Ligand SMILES: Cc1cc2nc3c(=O)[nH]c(=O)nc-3n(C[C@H](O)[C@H](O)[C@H](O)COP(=O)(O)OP(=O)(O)OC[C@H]3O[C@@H](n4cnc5c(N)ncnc54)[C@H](O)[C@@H]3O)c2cc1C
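Quick setup: one chain, the form predicted on its own, written in structure tokens, and binding and motion questions come after.
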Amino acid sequence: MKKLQIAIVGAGPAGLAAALYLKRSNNHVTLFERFESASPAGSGLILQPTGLTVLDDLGLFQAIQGLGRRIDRLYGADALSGRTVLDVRYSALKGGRYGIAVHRAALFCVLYDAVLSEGIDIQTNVDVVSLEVGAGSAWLVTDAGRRVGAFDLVVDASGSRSKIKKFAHKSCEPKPLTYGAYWASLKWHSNGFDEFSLQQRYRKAGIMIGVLPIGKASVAGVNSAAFFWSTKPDEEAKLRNAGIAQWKDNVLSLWPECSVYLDQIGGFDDMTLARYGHHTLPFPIGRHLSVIGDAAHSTSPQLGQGANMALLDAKALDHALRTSSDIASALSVYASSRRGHIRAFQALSRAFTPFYQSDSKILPFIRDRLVPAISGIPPAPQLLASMVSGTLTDPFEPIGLREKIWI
């Protein structure tokens, strides 16, 4: 195709990665961000072999590896009995796979610095609320009523609360999940904690506490941990009214070693309350519109796939545009190339989340007895590792990518 005029709405990981790919494919790219300055949101995440393969393809693997922390194991135990109820090891799979846990600021900065070095135009304070589509072009409409364009393609990377995903052929809004989580980025302490593992403690399915080493937010930063506590957002007021001291006592009664992290939390305002929702657009495309990342599919972070899915979407869109003769065909190819992988992992997340975050009594009972019984019997370790890695179904071949060689 000819050189395209492309607008990307949203400067998160999905938008930044898409900007890099599409600029390098000789398109003219403009990024639009609704905030005064582009910045990261949230605490920590695990970049799985899927997302790391995309970053390697972009030439950014070494940069993110230098900031993050290698993760070899995801481990969880019942807080009272100590019984293992989650034990996933990447080593169960051949090839030497692993994850890298990072501060969201580290991932943002690596991508953002690359975007700046490519000379990609970033326009801030632009809140896109609608689209206008005409013959062969699309225009952005801002909250101030300004019309910006024309563009051959608009890429919606503005997150699950997107205002323009409604212009996809079939759209839907996220269904709020009952449980969210309080998150905080704190100074890392190794006493009692494994620096190469995500560690969690559960009390049935209503309480989940986690500690994830996430490396440094910047080269000059200190090693950090993401600390999280699952809670119902609807009960935030009740939790705050009871006081921070009572909450800390509750955490310590379940996981005493967490005192080194609780000492760094002065009040609830030192943490961020994350709310989760679940949705999957049946067709993440429209006229001159592609929807990627959380705008196209959002879910609980239980399987840790969110940012990784977004990075795969960015690569898929670029591959579709490179291998198609026109925009309409490219959008169809993009949607098709991601459909199987997205639907499989959205279904898995929907199925597994209630075992770890819900009010159910029977599901954690089954979990606590079934997981220890089968977790060491093949092929269960391999299946669990494939789910966490994001490779239970192949996401690479349909989007023209080969998995990174790990060894």
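Small disclaimer: the values here were computed from a predicted structure and weren't measured. In this text, residue numbers run from 1 along the sequence as written.
The same protein also has a form predicted together with the ligand, omitted here; what follows describes it.
In the predicted bound form, the ligand sits beyond 4.5 Å of every heavy atom of Tyr356. Contact check for Phe32: a non-hydrogen atom falls within 4.5 Å of the ligand in the predicted bound form.
Within this chain, Gly15 lines the site of the ligand in the predicted bound form, having a heavy atom no more than 4.5 Å away.
Interface residue remark: Gly10 is counted as part of the site for the ligand in the predicted bound form, having a heavy atom within 4.5 Å. From the list 338-346, 375-383, 357-365, 32-40, the contact stretch for the ligand in the predicted bound form under a 4.5 Å heavy atom rule is 32-40. Interface residue among Arg203, Lys163, Arg287, Arg322, judged by heavy atoms within 4.5 Å of the ligand in the predicted bound form: Lys163.
With the partner omitted from this view, the residue of Lys216, Arg104, His189, Arg73 that lies near the ligand in the predicted bound form is Arg104 [heavy atom within 4.5 Å]. Every residue of the trio Ile46, Ser158 and Ala310 has some heavy atom no more than 4.5 Å from the ligand in the predicted bound form. Residues of 298-331 lying near the ligand in the predicted bound form, listed in sequence order, are Pro301, Gly304, Gln305, Gly306, Ala307, Asn308, Ala310, the criterion being any heavy atom within 4.5 Å.
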